[in-house]
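Have a look below at one chain only, the form predicted alone, in structure tokens format.
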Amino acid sequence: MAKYIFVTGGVTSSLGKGIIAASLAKLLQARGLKVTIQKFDPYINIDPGTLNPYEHGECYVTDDGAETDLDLGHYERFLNIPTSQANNVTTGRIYQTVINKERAGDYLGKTVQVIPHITDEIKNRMLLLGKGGKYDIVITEIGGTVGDIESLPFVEAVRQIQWELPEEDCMVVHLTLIPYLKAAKELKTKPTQHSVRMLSQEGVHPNVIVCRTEHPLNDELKKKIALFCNVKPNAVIEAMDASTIYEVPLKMLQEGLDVIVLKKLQINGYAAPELTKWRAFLDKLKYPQSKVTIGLIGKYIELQDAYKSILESFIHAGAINECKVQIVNVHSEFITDENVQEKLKDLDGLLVAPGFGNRGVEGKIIAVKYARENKLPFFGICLGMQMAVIEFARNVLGWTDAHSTEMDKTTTHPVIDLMEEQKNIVNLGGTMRLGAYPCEIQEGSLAHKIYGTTEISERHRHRWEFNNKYIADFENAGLTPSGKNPATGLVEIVELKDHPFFIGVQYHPELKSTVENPQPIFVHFIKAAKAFGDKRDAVKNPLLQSEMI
């Protein structure tokens, strides 16, 4: 039977419970244990699929088509194993399940209440991944902050599990904040004490306290926290701010977090952590040999979490190329024909990000045109690919009103159209084309060079698609559909002939990039951007050009 670790948070939100959970999981995995992580979110939405990115950041999609919290992206990037719908549960999903059971008469006429019916369903979901012997340890991150009214059923479920399971099979890690008062020049432990007391009042007693801090914790402070929070001093873990999230596992290793957990769970005979690849990745990340500047064209750039997986994919691809990737955020809503040259002239590559709706679309199309005409390495994802198709139709094929029916239902050239199976859908939640689908790649294409194979599987999240009615027109003009779904003929990849690097994909390749397996398109895109930058610099600097020769 699996053992269970619950990660809670106190004092404030956004402390990084997901990173701490993923870091602990990485250390345990590096010792040879089979580990998975799940996230329980307290909001009433069934999933984040209908939430605006400004509300919740990126909506992460799993292979089995679940729209989930972005923390699942961290779990996959750290552990290099896929997650599923079972790894993310919301209050909305819990209540929906219980209400459906009540309507079906499953409760035999009893009054349905938060305790035991809601908490029983939460416990069932919490323990589900641990059944069947697939995992040694299941880590569960509880969303929200201790004291939030919406988190109480989850905390109560943890209390019951602590009571029901043997003491050595369950533990709680509480992440909290130790604020620094600049005027007093000291760290304050009182918020942590109150947070732990509030958790204890609900019957949950943490075994380990991880302290987010901007300054080191001395032994005296650790002893004080331990004394007032009823844990051993060595169970007070310092979590200093790191230059990158990928340093956190090594910081937790230095603090001995994994050892404390193994002792508490009575797991013996474990191996030393094998982190050779992780350390090699960090060395390349921290000591790059070159730099490229990539323009990220999007309409949610005010919130970086909206493009979290894309940004992390650039980190992975940059490291393998031993290259620092500097991201320049360019708001598509403010790109015009008059200012596009000024905004994009210093870039080494251009990525047009995914999204929905009409806002900022024309700016994306103008940016694609600039990349096409100036031989600037271009990469379009989902809507970004669709914008590349529309731009080509307008400015090369001469169809000036070409558009997507998402934005213009009256266009006479609907080069992007609603998928046939989407036309009769009424409910918007969880009904897009979601999850992993196969794609067959044309031999000899840029995509074939990138992937090194003709068969791939990538994750999707969209309703609109390339209109196959126009395939011959695009091919004859030089925009090649180089990847298609073998079952439906859906165009998955388009690329431009006579261009150093111009590719658009309907799927979301960023969702499968990990530290150990960087996504191939991002890797080759950075390589192309580096070559573009080197060539441009050589033209500007004759001495550099002679050195290259």
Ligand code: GLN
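Computed from a prediction, not measured in an experiment: that's the story for all the values here. For every residue, the number given is its place in the sequence shown, counted from 1.
What follows is about the form predicted in complex with this ligand, which we do not show.
A.B. asks: What is the one choice in C382, V415, L265, A239 with a heavy atom within 4.5 Å of this ligand in the predicted complex?
C.D. replies: If I apply the 4.5 Å criterion carefully, the residue I get is C382.
A.B. asks: This ligand isn't shown here, but in the predicted complex which of T176, N88, Q386, S313 has a heavy atom within 4.5 Å of it?
C.D. replies: Exactly one listed residue reaches within 4.5 Å, namely Q386.
A.B. asks: Among the candidate stretches 473-481, 141-149, 332-340, 459-467, which one is within 4.5 Å of this ligand in the predicted complex when only heavy atoms are counted?
C.D. replies: Single hit among the candidates: 459-467.
A.B. asks: Any chance F356 has a heavy atom within 4.5 Å of this ligand in the predicted complex?
C.D. replies: Looking in the predicted complex, residue contacts with this ligand include F356, since a heavy atom lies within 4.5 Å.
A.B. asks: Would E202 count as a contact of this ligand in the predicted complex, using a 4.5 angstroms cut-off between non-hydrogen atoms?
C.D. replies: So E202 does not count as contacting this ligand.
A.B. asks: Test of understanding: in the predicted complex, would K512 fall inside 4.5 Å of this ligand by heavy atoms?
C.D. replies: Answer no; every heavy atom of K512 is more than 4.5 Å from this ligand in the predicted complex.
A.B. asks: Does this ligand get within 4.5 angstroms of any non-hydrogen atom of E406 in the predicted complex?
C.D. replies: Contact check for E406: yes, within 4.5 Å of this ligand in the predicted complex.
A.B. asks: What residues, if any, in 26-60 have a non-hydrogen atom within 4.5 angstroms of this ligand in the predicted complex?
C.D. replies: Sequence-ordered list is empty.
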